[in-house]
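Coming up is one lone chain in structure tokens, specifically the form predicted alone.
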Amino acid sequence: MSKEYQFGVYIGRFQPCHNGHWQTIELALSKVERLIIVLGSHRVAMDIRNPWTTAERADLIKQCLSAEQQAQVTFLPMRDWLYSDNLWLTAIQQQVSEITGESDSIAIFGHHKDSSSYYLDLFPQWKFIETGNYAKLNSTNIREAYFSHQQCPTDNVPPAVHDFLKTFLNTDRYQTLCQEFQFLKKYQEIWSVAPYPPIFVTTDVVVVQSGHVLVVRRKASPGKGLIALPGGFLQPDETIVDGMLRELKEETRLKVPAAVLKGSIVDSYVFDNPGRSLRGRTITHAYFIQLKSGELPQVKGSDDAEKAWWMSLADLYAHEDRIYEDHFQIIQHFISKV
């Protein structure tokens, strides 16, 4: 019996896959010959919003599928492009096209739950099929209960996902995530008494020399142990540039005079995606400093940085999944211009 569409596309992060996701997958498989499941947030650093890798998420969905269904499903890992819908769209369109060829029998499945679902309207060339919101489930609530109560959800996820989450409770990674969750919860509680929702202003800096970028390892939560750019919160009595230079010196002890650093600023940009930080609404003013080629200046981790070092641009891409928040995309933004 032929299906209504040759191909279907279902986009999500599946952190974790819950019964609402599973209902949509079953609906899609009943209507399409082949389903492409786009796994978002590919290769992001582990945090309480993205606790499981792309491979883990794909494997969990596979465990929920029968052998016949597995033959119908193709997984498509997809990086986030927080600051360019067009680049994200291009990546999806290109990779879906490689699978579907010239077929025009393509449907996209999803639910318009809130403003975050705007991406469903970015594919007018595909037939949109509204799936509804099964039992009003969402992964955010499931993760919050999982990391705060330290118990496994039972009624809201497929059996294979429940078994995985139950086993995951006993891992070091789970304990690290619980600590991160508690830190962020306390952090947000402190600011909950403010008369208005707080908006934090930070600075970050991308310093590049001879094919290397200056990075640090974070000493404390959030993102303890992750690779990050030198930066931090702006103080009330300083300009943004001065705040950036102060944080750069405090965290890396970079052996370059401040006047040279200031004179080597070649670009700046404001990164303001509302979801870029789990701490809350955080807008960062990032600067790009391009130093002249030559021997790399000495650096040493200090203040909030456990370690500072010069990382080759090749190593940067190899360690993409260990880079804090959107710092990889900030680096990409600047180095793509030189």
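None of the values given here were measured: they were computed from a predicted structure. The first residue of the shown sequence is 1; numbering continues from there.
Although not depicted, the form predicted together with nicotinamide-adenine-dinucleotide (NAD) is the subject of the following passage.
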| query | Considering nicotinamide-adenine-dinucleotide (NAD) in the predicted complex, which of Q175, Q94, T167, S117 comes within 4.5 Å of it through any heavy atom? | reply | S117
| note | Note: exactly one of D80, D163, E238, D267 sits with a heavy atom within 4.5 Å of nicotinamide-adenine-dinucleotide (NAD) in the predicted complex, namely D80
| said: Check for me: heavy atom within 4.5 Å of nicotinamide-adenine-dinucleotide (NAD) in the predicted complex, for each of K3, R34 and Q72, yes or no. | reply: no
| nicotinamide-adenine-dinucleotide (NAD) isn't shown here, but in the predicted complex, which of 84 to 92, 218 to 226, 240 to 248, 202 to 210 has heavy atoms within 4.5 Å of it? | 84 to 92
| Quick one: is I11 in contact with nicotinamide-adenine-dinucleotide (NAD) in the predicted complex, heavy atoms, 4.5 Å cut-off? | yes
| field | Contact label in the predicted complex: T54 to nicotinamide-adenine-dinucleotide (NAD), heavy atom within 4.5 Å | value | no
| Quick one: does G132 come within 4.5 Å of nicotinamide-adenine-dinucleotide (NAD) in the predicted complex, counting heavy atoms only? | yes
| query | With the cut-off set at 4.5 Å between non-hydrogen atoms, does H111 touch nicotinamide-adenine-dinucleotide (NAD) in the predicted complex? | reply | yes
| request: Could you run down 16 to 40 and flag each residue that has a heavy atom within 4.5 Å of nicotinamide-adenine-dinucleotide (NAD) in the predicted complex? | output: H18, G20, H21, T24, G40
